[in-house]
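Below sits a lone chain in structure tokens, taken as the form predicted alone.
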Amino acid sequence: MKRKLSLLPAGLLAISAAFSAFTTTAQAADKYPSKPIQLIVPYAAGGGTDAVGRVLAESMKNILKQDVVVVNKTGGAGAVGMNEGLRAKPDGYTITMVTREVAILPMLGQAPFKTLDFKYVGNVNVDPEVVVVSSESSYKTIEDLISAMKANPGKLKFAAASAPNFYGVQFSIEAGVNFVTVPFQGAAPAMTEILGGRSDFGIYNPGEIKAQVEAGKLRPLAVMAEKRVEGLKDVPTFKERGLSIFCGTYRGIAVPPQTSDEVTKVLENAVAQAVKDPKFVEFMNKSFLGIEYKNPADFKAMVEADMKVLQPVVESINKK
């Protein structure tokens, strides 16, 4: 059997092979996505992150012309689902919704990954925390609550939605107050304690308190944000009261670090368009969920800045 001999020199063969590989990659990116995409939400169905994930998936589906299927992967305060997304095949068909826990859990040694292991695609939501009391409480303002804490250190009860509670720790540090933290499995049972008069205050996100505030059962005192929140326009920020307390969660999309720039760009554009989708905007506004888009560079910079903010919180938790 005769062999075919190439007439191209070795150097040209190498260039030809490289060009062929580049063309194949480019063609694959051009075809992306060609099948459904899985969006890992690292928390249970029915929560705030799940709600944002599902409405975002629906908007991205219309843009990408492929189904975006939400898969809830719970455990480890978000670490299990985020780690699964990080270790997934880097082809763009498994994307992950990451939250503030992507920063705090590795810092506490409670995640099998590092914060900057991910390739950040785009942030879609920032939810500041809100300090609330029962509508029957004698505390009418945040100043009233802080004054009572300083007059009775370690006496007032904080109904926390989780433990450790980063928001409570940051509030304690920045406001210079001490209180008793009573942990619960979620915001709903924690708020029940406040409504029942067994706890003095709570710190939750706007979406979690929405129904109780509208029903006149909870009184919001202050927002841990740079600016006032849509739906809570009458509630002042801590900044307005002279305290630098900016605390809450953020939610965005991340992929494994080896994901190609071409595929990442397709996802980036889809996320950027999705946050402007009227259905997405309507849902977020009605749910008291803040829309805040950040491109990959700004999203990563926000996470890095947050790691610095969280450092004293981590140190405080580790001392206990």
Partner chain sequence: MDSIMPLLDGFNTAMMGWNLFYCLLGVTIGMLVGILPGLGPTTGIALLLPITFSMDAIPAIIMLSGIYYGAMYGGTVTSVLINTPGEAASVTTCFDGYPMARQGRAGTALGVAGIGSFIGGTISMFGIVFIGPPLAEMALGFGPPEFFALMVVGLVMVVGLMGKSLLRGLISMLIGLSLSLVGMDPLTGNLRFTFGEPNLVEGLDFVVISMGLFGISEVMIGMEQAMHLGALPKVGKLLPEREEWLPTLKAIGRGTGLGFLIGLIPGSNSVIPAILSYSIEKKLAKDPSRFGKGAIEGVAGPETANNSYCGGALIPLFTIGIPSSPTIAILFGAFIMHGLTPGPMLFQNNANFVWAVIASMFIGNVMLLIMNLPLARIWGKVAMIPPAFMYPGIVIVSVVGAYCTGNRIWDIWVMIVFGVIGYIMKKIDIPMAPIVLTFVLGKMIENSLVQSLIYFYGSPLGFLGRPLACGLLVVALVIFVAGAIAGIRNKRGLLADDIDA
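Just so you know, these numbers come straight off a predicted model, no measurement behind them. Positions refer to the first chain, counted from 1.
FYI, the form predicted in complex with its partner chain isn't displayed, but the following is about it.
Engineer: Residue-level question: is residue 164 within 4.5 Å of its partner chain in the predicted bound form, judged on heavy atoms?
Structural biologist: Contact check for residue 164: yes, within 4.5 Å of its partner chain in the predicted bound form.
Engineer: Counting only non-hydrogen atoms and a 4.5 angstroms cut-off, does residue 228 reach its partner chain in the predicted bound form?
Structural biologist: It does not: once its partner chain is placed as it appears in the predicted bound form, residue 228 has no heavy atom within 4.5 Å of it.
Engineer: Please check if residue 184 has a heavy atom lying within 4.5 Å of any heavy atom of its partner chain in the predicted bound form.
Structural biologist: Because a heavy atom of residue 184 falls inside 4.5 Å of its partner chain in the predicted bound form, the answer is yes.
Engineer: Does residue 286 reach its partner chain in the predicted bound form if we count a contact as any heavy atom within 4.5 Å?
Structural biologist: Yes.
Engineer: If you check 188, 88, 232, 148 against its partner chain in the predicted bound form, which one has a heavy atom within 4.5 Å?
Structural biologist: Looking at the other structure, the residue within range turns out to be 188.
Engineer: Using a 4.5 Å heavy atom cut-off, which residue among 116, 243, 71, 107 comes into contact with its partner chain in the predicted bound form?
Structural biologist: Of 116, 243, 71, 107, the residue with a heavy atom within 4.5 Å of its partner chain in the predicted bound form is 71.
Engineer: Please determine, with the chain shown alone, which of 243-251, 152-160, 137-145, 220-228 has non-hydrogen atoms within 4.5 Å of its partner chain in the predicted bound form.
Structural biologist: After filtering at 4.5 Å, what remains is 152-160.
Engineer: In the predicted bound form, which residues of 66-84 put a heavy atom within 4.5 Å of its partner chain?
Structural biologist: The stretch touches the partner through 71, 72, 73, 74, 75, 76, 77, 78, 80.
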